[in-house]
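One protein chain, two forms: both are listed below as structure tokens, the first as structure 1 and the second as structure 2.
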Structure 1
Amino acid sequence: MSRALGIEARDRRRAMLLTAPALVWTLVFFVLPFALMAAISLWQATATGMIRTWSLDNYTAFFTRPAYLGAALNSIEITVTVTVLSVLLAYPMAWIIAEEVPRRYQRLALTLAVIPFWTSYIVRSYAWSLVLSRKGVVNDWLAGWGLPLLDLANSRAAVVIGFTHFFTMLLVLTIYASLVQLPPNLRRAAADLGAGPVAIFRHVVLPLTLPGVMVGAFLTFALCIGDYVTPQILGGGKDLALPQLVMLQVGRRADLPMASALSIVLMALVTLAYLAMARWMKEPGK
């Protein structure tokens, strides 16, 4: 009995030693900076510096100033639109790679799908800015067919297109990983029981691949709502998003407390999105 307890204690110490670096890293580079940012969000900025008085004035200002609420609403609308479009585009692409492409060519197909990840994020944004400009590829094609030109540059549509192009590739990976893990016998059994292709997809394939879809959707939401580069380059400053508003507080007003409060609000939105999606991220039956 004592020997078993000794082995258990030794295994516990070994586990603690193995996890200690990750715990220290999380504490130093996430928990402590987050606690400091939360504390600063309760201070007040003045012309001469920050007043370390604890109050909720910054959060009150967020909920009472239309510009701040508008930026939050813009971020949510853009992010939800991008997430939905990315899922709708990525699922068929992942399905084609997993089901229609021969197994020996699937790795090549995935490589071609993720090629956009190999280029700089800023370069991709500027490339879309050129494509969607007044004299860009899209309008050149429309002009060639005698169609009216589209004013896509420096607009919310341009931001959505740039985001969707990037995050569709991310979702393809997560959905593909779920599709290739599906046992073929499940679909055969459903077909033997009289289920058609639509019923098999609705009642077998979709529920079993939903965790992969939701994981990719959450990653898309979290990365999209916190992105500053793409809205800044493609949006033209017309529809301010929360990350842009944070940068304005830091760069132009030097209001670190308000910037911290806005960052806390941004993290709260990501947390709410996680809580809303968490139930679908688990594997069925767990």
Structure 2
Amino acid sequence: MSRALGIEARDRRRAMLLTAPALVWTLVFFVLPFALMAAISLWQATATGMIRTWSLDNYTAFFTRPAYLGAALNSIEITVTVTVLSVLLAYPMAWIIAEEVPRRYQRLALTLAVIPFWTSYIVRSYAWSLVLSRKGVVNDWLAGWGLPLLDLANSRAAVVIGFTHFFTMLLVLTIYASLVQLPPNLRRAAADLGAGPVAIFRHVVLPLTLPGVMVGAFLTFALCIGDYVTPQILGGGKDLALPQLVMLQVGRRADLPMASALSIVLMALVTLAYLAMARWMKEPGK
């Protein structure tokens, strides 16, 4: 008995010892910097650095300066548009791969659909700026067919296209995963009870895959709203997004307190989206 206890205590000590490095690393290089950033967001920037007077001035500035609040609204608008568009494009694609493509080619079809996912994201945005530029490929085709040219580069549309491209790939993966998990019996049962294909989709398949879609949509929201590169390369410097505003504070204005406050706002937005999703998932009947 005492020997067994001794082994268990030793097991536990060993487990703690093994976990300690990762825990300490996380505390020192993740939790601590984050706490520090939260503190700095309450300080003020001066010409030479920061003064440690505690106030909510940076947050007040966020809510009162139109440029700051506007950037947050831009980010939310872009992110919501991208999330909705990506889900709408990805769902049918995932459906076709899961239902229409023969089983042994499904993996290939999926892999193909996500290969460009692995291009460097800077390169991917640059590639879209090539495609959409005034003399780019899209306008070249349009001209070839005698259609009017589009002025897409350096605009919100370009940002939305660039993002939608990336997140469509991500969502095809996640939605496919929730589609193949559906037991086929459920659909057969619905069909036996007289439901047509549309009714089966509406009342069986869609409700059962919606949680997976929501998780993917949340992931899209969180990654999209925090990205600096895509709006910076494709947006043309108009209607800044929140991360661009953060980087502007870090760079040109050397205002670390304001950059920290804006980052906290960014995190708050992601947290709100998360809570909304969690609450939706808990609702009865879902």
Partner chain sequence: MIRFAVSATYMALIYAFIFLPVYVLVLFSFQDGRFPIPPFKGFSLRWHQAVLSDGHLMAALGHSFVVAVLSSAVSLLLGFLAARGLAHARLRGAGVARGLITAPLSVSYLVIGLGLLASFNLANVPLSLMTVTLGHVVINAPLCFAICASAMGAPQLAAERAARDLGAGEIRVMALVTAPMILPALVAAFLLSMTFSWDEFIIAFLLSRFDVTLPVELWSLLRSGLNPKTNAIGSLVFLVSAFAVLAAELALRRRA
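The first residue in the sequence of structure 1 is number 1, and each one after it adds one. A quick note: this is a predicted structure, and the numbers were derived from the prediction, not measured. Think of the rigid core as the biggest set of C-alphas that the two forms share within 1.5 Å after superposition.
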Legend entry - Number assigned to the form predicted together with the partner chain in this pair: 2
Legend entry - Cα displacement of L17 between structure 1 and structure 2 reaching 2 Å, rigid core superposed: yes
